[in-house]
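Below sits a lone chain in structure tokens, taken as the form predicted on its own.
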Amino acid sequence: MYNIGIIGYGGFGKFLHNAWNQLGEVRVVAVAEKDAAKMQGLDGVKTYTNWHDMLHDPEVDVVAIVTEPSTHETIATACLEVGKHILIEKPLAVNMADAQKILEIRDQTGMVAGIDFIMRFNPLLEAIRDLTQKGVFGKLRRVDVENYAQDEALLPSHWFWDIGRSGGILVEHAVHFIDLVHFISSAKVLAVNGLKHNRNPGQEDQIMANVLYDDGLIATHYHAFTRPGFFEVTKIKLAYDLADVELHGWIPLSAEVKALVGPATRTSLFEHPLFKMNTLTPIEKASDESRPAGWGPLDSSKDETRKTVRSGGIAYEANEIVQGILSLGKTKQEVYIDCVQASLLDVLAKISDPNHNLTAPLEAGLVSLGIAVTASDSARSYV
């Protein structure tokens, strides 16, 4: 049995409490929140209005840090130094110096520390990563993230708009999606830049990051907090040499797949437990509208065999086009709960077995934060 303390008891802190209470090997024993009214009715749970006091509670084994991003470094290092394991809500920090300090104190104390990148625990994204690493879709060439969020609940005075407290949209919000690219692909970052728009001097409400990786991968992350909730939507498009994969929602529940497959790859996709096929067409019967009628014949070598296709200068064996869907068959609430439970269990597994490799280590948070900070600085450099 592991005893958990939660620092920060807003909406997400309460969600974590409810989700983790469903785990047999976990119990939330303490909560810290400066607004005492938010902790009313917590029977059987110790409450603190000063988070420092929780650190002296010998009953607490692991602390979940669910506070404003600018406070993460101070709280995380204090927890580690008194012998508390930690799970930090994203982002790791608001700047690289603070983030690196957390890693340094973790290494000095030997305590376990993870970051709550819940998308790494989504079985749908685990499936896409597995198919990517097996080469079923060919090389990943493009990731396009478009995130349109409502701002009606974010008054101009909200800490979210204060770059010193939140880091800005890319740091506070987009690091989830930046990390998603790193979870799926092992490509290394080569260059980063950004663009942004300010509604007024105090509200940076649209921003994007462009990231160039080695091996021909380019990612774009566009995030806007500008629209009514009716138009809130997240789209994630993955373009491979042999496939288009499109996901919807910031917690994706399904992915539309259109892929070219051959004898060596079709089994991995068709027999995947999350995949349901809609159509399967031999490529010689599929339409190729890349050139209009009358343009002239296509490459004769392609016409002769129809068993290979070329993409990105690579010849792939493929003889069929499949369209289908990868689906979890669960609600957003169910998947969300599963992910936050798995994130905590990952940290607990590391505590019980030092040889366990964390699925979401702090290093992942450091890399994604670095991209977010660099892109934000680039965007703000334009006059």
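So that there is no doubt, residue numbering starts at 1 and follows the sequence shown. This is a predicted model, so every value here is computed, not measured.
Just so it is clear, the following notes concern the form predicted together with a small molecule, a form of the same protein that is not shown.
Undergrad: Is there any non-hydrogen atom of Gly168 lying within 4.5 Å of the small molecule in the predicted bound form?
TA: No, Gly168 sits far enough from the small molecule in the predicted bound form that none of its heavy atoms falls within 4.5 Å.
Undergrad: Examine Gly5 and determine whether its closest non-hydrogen atom to the small molecule in the predicted bound form is within 4.5 angstroms.
TA: Residue-level check for Gly5: no, no contact with the small molecule.
Undergrad: Consider Glu33 of the chain shown here, and say whether it contacts the small molecule in the predicted bound form, taking contact as heavy atoms within 4.5 Å.
TA: Yes.
Undergrad: Any of the heavy atoms of Ile283 lying within 4.5 Å of the small molecule in the predicted bound form?
TA: Close contact is absent here: in the predicted bound form, Ile283 is far from the small molecule, nothing within 4.5 Å, heavy atoms only.
Undergrad: The small molecule in the predicted bound form: within 4.5 Å of a heavy atom of each of Phe12, Pro69 and His72?
TA: The answer is yes; Phe12, Pro69 and His72 each reach the small molecule.
Undergrad: Ok, Arg120, Lys90, His223, His85: which has a heavy atom sitting within 4.5 Å of the small molecule in the predicted bound form?
TA: Only one listed residue qualifies here, and that residue is Lys90.
Undergrad: Which single stretch, out of 326 to 334, 53 to 61, 312 to 320, 34 to 42, brings residue heavy atoms within 4.5 Å of the small molecule in the predicted bound form?
TA: Looking at the other structure, the answer is 34 to 42.
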